[in-house]
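Shown here is one chain on its own, the form predicted alone, set out as C-alpha cells.
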C-alpha cells in the first residue's frame, strides 16, 4: 500500500482556492435558449445585471492593469470643485455629531440633513443641497408657534406690541444670538473640502454694499402706515421688508446674520419633517420661549390718561379719578408722590413720580398695562390639538374686542 506524504497533503489544504467566476442565476435558462431574453421584467433585470457582472469580470481578468470602477460619485470630481461638502462626508464629521449632541437631537435625526441646514444658498445655489426650502418651512413654523403663544396667552395685547414681541423672540438678531449660543462656527470660504459642521456661506466683505434683496425699500408716507397696512402688506414683524426669496441670494455674498438665521429656521423645518411636530414644539419651548421677555417694557403710551378714559367708557366702568395716596419731601429737592387711579372704589393702577402730573401719568400707564397684560388661567393653543395620540381637546379661548382707538 502506497503511503501519502503528509507534507504534500498539508500544502494542498493550506493553499488558497482559485478564483471562481460568479454563478449566473439564469445560466440553465440561457443554455437552453442562448439567443432569447426572459419575458419577466424581474428575470430580465436579473439576467442583465448578471451578464453585465460577468462581462466586467471578464474584462478585469483580460486586463489586470485596468483601473477599478468608481464606487461613488465622490471620486469623480476633486473636493475643491464642489461648492459645498459632499453628503457622505457628514458621517465622519465630529463637529456635526457634537452639534447634534449639544442640541439633544435623537440619533434618528440624520447627519446629512443637519449638514444641509448649514449650507446657505449663497454657497451652493442648487436647491437640492442648500437650506432654502427648509428655511422657508422653519420660518412659517416659528411665526405660527410664536403668534399662537402671544395671542392665546395675552388676548388683549395691541398689535404693535405683538409685532415687537415676535421680533424679540424670532427676529434676525434673536436667531443670530441663538445660533451663537449653540456654538455654530462659520467657515472662512465654502467648498467641498470644508468640514460639514461649519456654516457654509459667501461672506460679505467689509465696505461692500448689501445685495439688492436685503436692502430696505423706500417707506410710504407716514399717514399710510396703519395697523391694517402692516398686517396685510408687511411681514410677521410689521416691518416693510418682505421675506427674501432664496433665488435672489444665490451665489451672492451675504452677512453672517443672514446665514445664521437661515440655519436656525432650516433646523426647525428639518426637525418637523424628520421628528414630527411634538418634538419641534418641545424644542421651541426649550430654546425660544424659555428666554425671558418683559412685555411691559414694550409698551409706549403717548396719552395714557386719555386712553384710560376711553377704555373705561367703552367697558362701561366709572370715569377714572386720580387720587394722592402718599407723598414725601414736598418742599425738598427730590419729592416723591404716589398717585393711584380709581374707578369708583376699585384701584386700577398706581404710580410714583417727582411731580403730581408725572405720578398721575405713570398710574394711568400702569392701569393700561394691567388691562392689556391680562392672562387667562387655562389656555389651549391650536397646535396642541394636532396629532392623534396625546392631543389636547380644543377649548375656546378668550377673544378680546381689541385695543383702544383714540
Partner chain sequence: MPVAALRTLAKPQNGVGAFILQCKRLDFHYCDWAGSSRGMVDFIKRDLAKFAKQNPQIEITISPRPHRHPVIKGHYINGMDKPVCVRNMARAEIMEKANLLRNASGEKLKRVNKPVTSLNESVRGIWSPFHGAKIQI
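Residue numbers count along the first chain shown, from 1. Since we're looking at a predicted model, the values are computed, not measured.
Keep in mind that the form predicted in complex with its partner chain is missing from the display, and what follows is about it.
- The contact with its partner chain in the predicted bound form, taken as any heavy atom within 4.5 Å, belongs to 299 out of 154, 299, 144, 317.
- Among 257, 160, 148, 112, the residue placing a heavy atom within 4.5 Å of its partner chain in the predicted bound form is 160.
- Although the partner is absent here, residue 193 sits far enough away that none of its heavy atoms falls within 4.5 Å of its partner chain in the predicted bound form.
- Interface residue remark: residue 129 is not counted as part of the site for its partner chain in the predicted bound form, having no heavy atom within 4.5 Å.
- Not displayed here, its partner chain is kept clear of residue 108 by more than 4.5 Å at the level of heavy atoms in the predicted bound form.
- Although the partner is absent here, residue 251 is not a contact residue: none of its heavy atoms lies within 4.5 angstroms of its partner chain in the predicted bound form.
- Heavy atoms within 4.5 Å of its partner chain in the predicted bound form are found in exactly one of 266-274, 114-122, 135-143, 178-186, that being 178-186.
- Contacts of stretch 318-348 with its partner chain in the predicted bound form, defined by any heavy atom lying within 4.5 Å, are made by 326, 327, 328, 336, 338, listed in sequence order.
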